[in-house]
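Shown next as structure tokens: one chain only, the form predicted alone.
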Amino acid sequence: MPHLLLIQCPDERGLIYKITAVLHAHGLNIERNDEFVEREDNVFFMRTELAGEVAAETLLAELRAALPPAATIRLTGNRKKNVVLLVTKEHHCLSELLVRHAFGELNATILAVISNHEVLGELTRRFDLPFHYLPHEGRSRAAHEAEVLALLAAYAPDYVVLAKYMRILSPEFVAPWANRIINIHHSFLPAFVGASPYAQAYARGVKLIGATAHFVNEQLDQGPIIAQNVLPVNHTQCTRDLAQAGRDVEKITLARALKLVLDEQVFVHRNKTIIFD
């Protein structure tokens, strides 16, 4: 994809005409175009794939002049993004991302894996990636988070992925990474909160096992949703079977969400996402 134009602005009549007129004047060809208007807040979203030679500064200046003053406009080559993964002990999401990364299936470079346990170090090093063990035992949450934040600052990734990182992040940790931390959790929340959600689900005879991938905000699991998926289950499956089904749907849902974000298909508006899939 040579060029990608991303626009978010207050809606008004004639926006698509104004935008395409500027693109046409620059001799650019639209290979794909998606747009949407959020009616409640009257906000226009547009994602356009372009082909042709782009004079970026001039093009952006002309688009700003044509669009409402509050418009957010980005022109990108959709480069590979840099990501750092945070993990604890469960391997399924980490394994999925490491394999996809190794075979070039992610539009990303995994810079490192950070963990509060040593369990996944050997797995990570098999893929020739740095693994940083930062134990939290005997440390205050603030002290431990400061260590993690220092490492993140050193790597300066575009996104942080919580690949089953089982630590609650403080608002102070999350704030500098607004809409740049991606988390995965089972979709029993808030129905089955706390410990042993699959045991609770088994006791209730659930018929679907699900997972939700989302951006992290100050309330952790309440951020804008990026992707969700479910698998059917039945009464013959025990708690362990449900947990395995949960792991399966979690890793696929996280990989899907990460692909959408990395390919610049996600707009965030208030506490929800607009996704051009």
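The first residue of the shown sequence is 1; numbering continues from there. Fair warning: this is a prediction, and the values are worked out from it, not measured in the lab.
What comes next is about the form predicted together with a further copy of the same chain, which does not appear here.
Here is the short version: of 60, 243, 37, 54, the single residue with a heavy atom within 4.5 Å of a further copy of the same chain in the predicted bound form is 37. Annotated contacts: 6, 165 and 218 are all free of a further copy of the same chain in the predicted bound form [non-hydrogen atom within 4.5 angstroms]. With the partner omitted here, the stretch from 148 to 156, 135 to 143, 166 to 174, 202 to 210 that lies within 4.5 Å of a further copy of the same chain by heavy atoms in the predicted bound form is 202 to 210. Taking the partner from elsewhere, residue 187 is found to have a heavy atom lying within 4.5 Å of a further copy of the same chain in the predicted bound form. Proximity of residue 131 to a further copy of the same chain in the predicted bound form falls outside the 4.5 Å heavy atom cutoff. Contact annotation: residue 179 falls outside 4.5 Å of a further copy of the same chain in the predicted bound form, judged by heavy atom distances. At the 4.5 Å threshold, heavy atoms of residue 83 stay clear of a further copy of the same chain in the predicted bound form, well away from it. Using a 4.5 Å cut-off on any heavy atom, the residues of 107 to 127 that reach a further copy of the same chain in the predicted bound form are, in sequence order, 120, 123, 126, 127.
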